[in-house]
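The data below hold one chain only, encoded as structure tokens and taken in the form predicted alone.
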Amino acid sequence: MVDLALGMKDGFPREVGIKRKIENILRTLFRKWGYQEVEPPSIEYYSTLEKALGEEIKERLFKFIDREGKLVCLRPEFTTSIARMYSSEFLDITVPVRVFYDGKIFRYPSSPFRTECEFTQVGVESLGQNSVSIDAEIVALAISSLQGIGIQNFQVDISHVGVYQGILDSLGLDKKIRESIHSLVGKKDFTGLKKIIKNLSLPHPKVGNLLIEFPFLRGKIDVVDHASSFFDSNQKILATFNRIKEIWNILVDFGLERHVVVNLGLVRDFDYYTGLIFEGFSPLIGYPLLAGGRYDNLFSLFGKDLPACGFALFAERLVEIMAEAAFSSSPTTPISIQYPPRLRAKVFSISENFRQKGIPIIMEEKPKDSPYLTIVGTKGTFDLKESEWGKIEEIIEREQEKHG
């Protein structure tokens, strides 16, 4: 028995068929929204990724030494690669730029309870504009993406990195305590979070209580009003709450609010986010179907001032849901034509004609002395004598009608 490399997975026809159908739907949708496809390389220098990624993600990179002795990595996500691409001094761009991508990413799992290391991400990036309308557009496109592939039972949690950062800033915590709290929040260790807060001497105990409540600050827009009441004069965090309200109001105008939840306790695992953050969930699966946000400072790491916002969908997770739902790749079972060599030209011409119509045909050559041409379909096998060879097209069309 030959084992798979840890964290990798074979893709068999049914699930690959579902995944390709999902990818095609998303590609078509993104183009309709004005996004164009890009294709960053699969390998980046570690020095490129090191600029943008936090310590936790750096530990999860697939790293190796290339032939020139340089440390390189399989890409762990697309956003940093796209930031590098569009920060090139040789690239003259006119903003806004809307791009999408579809490809593999590689990173070690964040939890000992998960093993997958290879994912397919399909996502978009809107470059060059920092506005509430673009934030709302990105969330709306995320919602449309899930609707487009047939998922109806889902929700998108939205927040802003300024909420979490603002709470910690107002408490005047040192770096070590902040890192401990961040780790507990990331692990959703609410008991540990409560314990560490209770043991601190805080300048604003009321805000400390909000931090204990932080993981549960989830609901509709009234959650923002509740959290705002803890900050009377902190204009920075109040502006953050106002930004969330503005995004919410646009999504209400779009008629999408039934799919949106304000989750002020949302914390993303990438450090480059600067504003809006969001994740999409379904009750059918225990981890996000999509994730994204705003990252206005990322490009500056590569020498360019370019605000940006985007999201990525995890294709394998979508397949996991859709494989159990009504959605199916429903591949047309190929029809096999088994023929003697003297019919090679005729069968090839017929096969090409049906393939052009989207009907899959398999050609299989028989021994040259075979007296029959055989058609194998979903409803039976047909042996045709030479006098019946003119019925090939008729039988295939009839098979196709039965299959449909």
Partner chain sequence: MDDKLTISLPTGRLKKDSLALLSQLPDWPSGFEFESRKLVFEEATSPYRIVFSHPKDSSTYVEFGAADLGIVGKDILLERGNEVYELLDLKIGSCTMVLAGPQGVTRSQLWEKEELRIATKYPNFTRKYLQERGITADIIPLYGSIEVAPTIGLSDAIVDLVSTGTTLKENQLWVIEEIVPISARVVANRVSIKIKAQLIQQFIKKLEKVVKHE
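Because the structure is predicted, anything quoted here is derived from the model rather than measured. Numbering follows the first chain given and starts at 1.
Beyond the structure shown, there is the form predicted together with its partner chain, which is absent from this document and is the topic of what follows.
- No residue of the trio 48, 51 and 99 has any heavy atom within 4.5 Å of its partner chain in the predicted complex.
- Contact annotation for residue 274: none of its heavy atoms lies within 4.5 Å of its partner chain in the predicted complex.
- Proximity of residue 333 to its partner chain in the predicted complex: non-hydrogen atoms within 4.5 Å are absent; the residue sits far from the partner.
- Taking the partner from elsewhere, residue 213 is found to have a heavy atom lying within 4.5 Å of its partner chain in the predicted complex.
- Contact between residue 178 and its partner chain in the predicted complex is not found at the 4.5 Å heavy atom cutoff.
- When you look in the predicted complex, the only residue of 129, 155, 120, 144 with a non-hydrogen atom within 4.5 Å of its partner chain is 155.
- Checked against its partner chain in the predicted complex, the candidates 71, 202, 196, 285 yield a single residue with a heavy atom inside 4.5 Å, and that residue is 285.
- Of the candidate stretches 236 to 244, 215 to 223, 83 to 91, 160 to 168, only 215 to 223 has residues with heavy atoms within 4.5 Å of its partner chain in the predicted complex.
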